[in-house]
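A single chain, nothing else alongside it, follows as structure tokens in the form predicted alone.
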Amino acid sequence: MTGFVDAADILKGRYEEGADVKVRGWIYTSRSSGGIQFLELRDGSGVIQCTLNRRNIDETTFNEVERYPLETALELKGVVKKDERAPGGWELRVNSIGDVYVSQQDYPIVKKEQGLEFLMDNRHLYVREPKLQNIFQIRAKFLEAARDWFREKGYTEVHTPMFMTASVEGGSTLFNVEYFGRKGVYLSQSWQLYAEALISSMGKIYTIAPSFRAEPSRTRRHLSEFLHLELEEPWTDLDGIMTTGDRLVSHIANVLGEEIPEKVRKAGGDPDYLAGLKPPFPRMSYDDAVDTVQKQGVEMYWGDDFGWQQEGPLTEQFEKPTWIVGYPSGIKPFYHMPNPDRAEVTMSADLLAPAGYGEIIGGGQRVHDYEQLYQRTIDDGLDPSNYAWYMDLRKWGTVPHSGFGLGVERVLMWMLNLEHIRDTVPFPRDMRRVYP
């Protein structure tokens, strides 16, 4: 057979009732009733019901198909029919069979309730579930929307090394790597240092690449490897970079809500909310945020960073993402610019999602003065020689500049109201799991 169509196109009504089409995919469910077989066929675009009527199919073929185990892959030809009883309102009434690739019996992922550890051990099979398939399709649309926005706004996509010799986000969360016998090499926490070099070459830039954090966290919001959407802009201050974040997040949300509302709804999100999200987002000072948390009876002191215990109570009343602005110098890396009017706080901001989903963007304005940056490394107890090339950037053509990093999985988790971040990525990595 040639000329196959996608299940999704049938379900979207792109083929008239009575049209002859061919599909191929994997048997997701199978049952028989009164001389009719009902197969749910999963093809990567969606799941379509296919029916075989004993009166329209020869007996041998009908009996063979009835014996096919779940996950058997096959090609089917038939007629498109509208039927409100079918999932999605459309089905294929099969009249012939093409190639068949018979699965083994006893496929381990079944409809009955199965434990989390079992499903994670069999993640290579569990990723076939339509629930996850739908989320991964939304993830792809998310990245497409982001890249479209960057292209329209004149940014250039750039990629930088995954191997680094200096910490960006703090030494305690670095993954050490054996690098041809050399010590002091780590997996990247962020592209930021390299990005600051490249803005003098490329102007406004962004990347979408993995980042790695050796955080011993076992919360529903943390991964050891995550997809990091980062950008850096020359001639931009803190206010400017927050405005960029407002517009980017709103655009992605609007695209998901307006263009794939059914997928968003199926995943658990509210497409109307996403479609209606507009910039600018509210801003709250770090001081006021600490005061708010303390008044709710949650332990926190000025100078502490927000953990999930504090972010939950703080963001429960937020209707849309909110910036927390002006974090203390002691909890932000050395490259954050001190506030000229208040040296104990930095020109930094984190964007917190509503309902306890936590930080989805972290960023701020960078120190662009050489002497000031040198002193910041000393104050943070760092060896300036490890950052010599980075500080060199301030000697030739330095300008005010800012940037941020957005955690793709964390944003998806919030936008889709998911219970756990692991469902946003096919093969999640955390402190407990690197298999499969």
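All values reported here derive from a predicted model rather than from experimental measurement. One-based numbering along the sequence shown.
Below: the form predicted together with a small molecule, not depicted.
Student: So which of T244, T236, S329, Q189 gets a non-hydrogen atom within 4.5 Å of the small molecule in the predicted bound form?
Tutor: So the residue touching the small molecule in the predicted bound form, by this definition, is Q189.
Student: If the cut-off is 4.5 angstroms on heavy atoms, which of these, R283, K77, K204, R221, is the one near the small molecule in the predicted bound form?
Tutor: For this set of options, the contacting one is R221.
Student: E169, Y335 and I421 - do all three of these have some heavy atom no more than 4.5 Å from the small molecule in the predicted bound form?
Tutor: Answer is yes for this spot.
Student: Although the small molecule is absent from this view, report whether F226 comes within 4.5 Å of it in the predicted bound form, heavy atoms only.
Tutor: Result yes; F226 sits at the interface with the small molecule in the predicted bound form.
Student: Tell me, yes or no, whether G407 is in contact with the small molecule in the predicted bound form, where a contact means a heavy atom of each within 4.5 Å.
Tutor: It does: once the small molecule is placed as it appears in the predicted bound form, G407 has a heavy atom within 4.5 Å of it.
Student: Can you tell me if G363 lies within 4.5 angstroms of the small molecule in the predicted bound form, counting non-hydrogen atoms only?
Tutor: Heavy-atom contact with the small molecule at 4.5 Å: present for G363.
Student: Can you tell me if G403 lies within 4.5 angstroms of the small molecule in the predicted bound form, counting non-hydrogen atoms only?
Tutor: G403: yes, in contact with the small molecule in the predicted bound form.
Student: In the predicted bound form, which of 227 to 235, 129 to 137, 143 to 151, 319 to 327 comes within 4.5 Å of the small molecule (heavy atoms)?
Tutor: Checking each option against the 4.5 Å cut-off leaves 227 to 235.
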